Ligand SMILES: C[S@@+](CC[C@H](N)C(=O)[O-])C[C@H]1O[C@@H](n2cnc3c(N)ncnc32)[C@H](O)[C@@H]1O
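Taking the form predicted on its own, here's one chain by itself in structure tokens.
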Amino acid sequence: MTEDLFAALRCEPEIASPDLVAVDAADRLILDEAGPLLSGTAPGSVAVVGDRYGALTLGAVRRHGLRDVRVHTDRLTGESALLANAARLDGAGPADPEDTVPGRFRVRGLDAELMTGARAVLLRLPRSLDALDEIAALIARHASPEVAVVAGGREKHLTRAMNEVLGRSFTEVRASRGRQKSRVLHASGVRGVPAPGPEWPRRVTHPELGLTVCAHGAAFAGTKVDIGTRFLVEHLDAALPEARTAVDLGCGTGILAATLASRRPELSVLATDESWAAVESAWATVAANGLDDRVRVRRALGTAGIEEASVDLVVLNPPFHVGAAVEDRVAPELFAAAARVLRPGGELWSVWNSGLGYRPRLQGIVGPTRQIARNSKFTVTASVRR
């Protein structure tokens, strides 16, 4: 019965790619290893973290008849896929992520409410050790003292350091036997006093930028300023000086939005990202720099919710991965999202790895594109909306 469910799962609205599948061997192994924990569990005692498209949540619900499972998925595409798959599969979950009526599952942020009283946690292991540290500490602080964690992933993405990170919050960490190039880590025995670790979000001040950057564990680059963003920051003062509205598209920790707002008080800035960790980090960065009166932050897919032809300036440092998969269609999707909301004559300022050769795509999707700067690795361009 579960295999029938797996066959029906879809990745939409994720960008289609041969490397992306809705369920893999790691999902199956996590569910199999967690089986004894899940049988007969009380409503509200199971939490799922990192479910990519619903295989863990819907598989556990279907196999064990669970109710009121709490779920956190960082990426909005994964959350949307979970909800769409649930609606398609016999109404297994709520139609709205804000629905708090107890049912099969509830979508939540990575916070205390997600873990309070949990006795079993299913976790798709993140590749970031900081993300794992934040999740493990949250479980240890707020779940039941008897909680058991079943955390799995593909072996090529697992490291021994993951055992060490889990060991900061749990007294027992052991690995399962591998299966189909996947493996599970079992963690239990919450430490009475969690080992010292960073509070989340972390905060680091960058004097050269005049900014404090805040970051949750799963946020790209953490509290650092990645070199592409740093290169674009060097040129932001010249970005359409007459602009009055700006969007930081795929904002990450909010560095570009905070830079624009701090340097250009006349700008009204909106920062958007599909990642929960990015949005929460950006909110914290904006607040830490006293800019929360002029910068709004929104979790959204691209420019969803922004009126067409309403924005003067969009700034963008596009990703080129979907999870662990290299995907060169992400940036063009964001270019199109920017083009939709830019007014005629508005500009998209973007930074990208020079080897990707995005200029022809920018010209075709947005409009005439000029090079602003180039160094040994990155190119900054400005594209004018036709």
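Start at 1 with the first residue shown and count on from there. What you see is a predicted model, and the numbers here were worked out from it, not measured in a lab.
What comes next is about the form predicted together with the ligand, which is not displayed.
Proximity to the ligand in the predicted complex, defined as a heavy atom within 4.5 Å, holds among A120, V297, L256, V71 only for L256. Only one of S275, S80, T212, T245 lies close to the ligand in the predicted complex, with a heavy atom inside 4.5 Å, and it is S275. Taking the partner from elsewhere, S262 is found to have every heavy atom lying beyond 4.5 Å of the ligand in the predicted complex.
The ligand in the predicted complex is not approached by T223, whose heavy atoms all lie more than 4.5 angstroms from it. Proximity of G153 to the ligand in the predicted complex falls outside the 4.5 Å heavy atom cutoff. Residue contact check for L301: one or more of its heavy atoms lie within 4.5 Å of the ligand in the predicted complex. By the 4.5 Å heavy atom rule, the three marked residues G44, G109 and L114 all fail to count as contacting the ligand in the predicted complex.
The candidate stretches are 131-139, 172-180, 235-243, 301-309, and the one lying within 4.5 Å of the ligand in the predicted complex by heavy atoms is 301-309.
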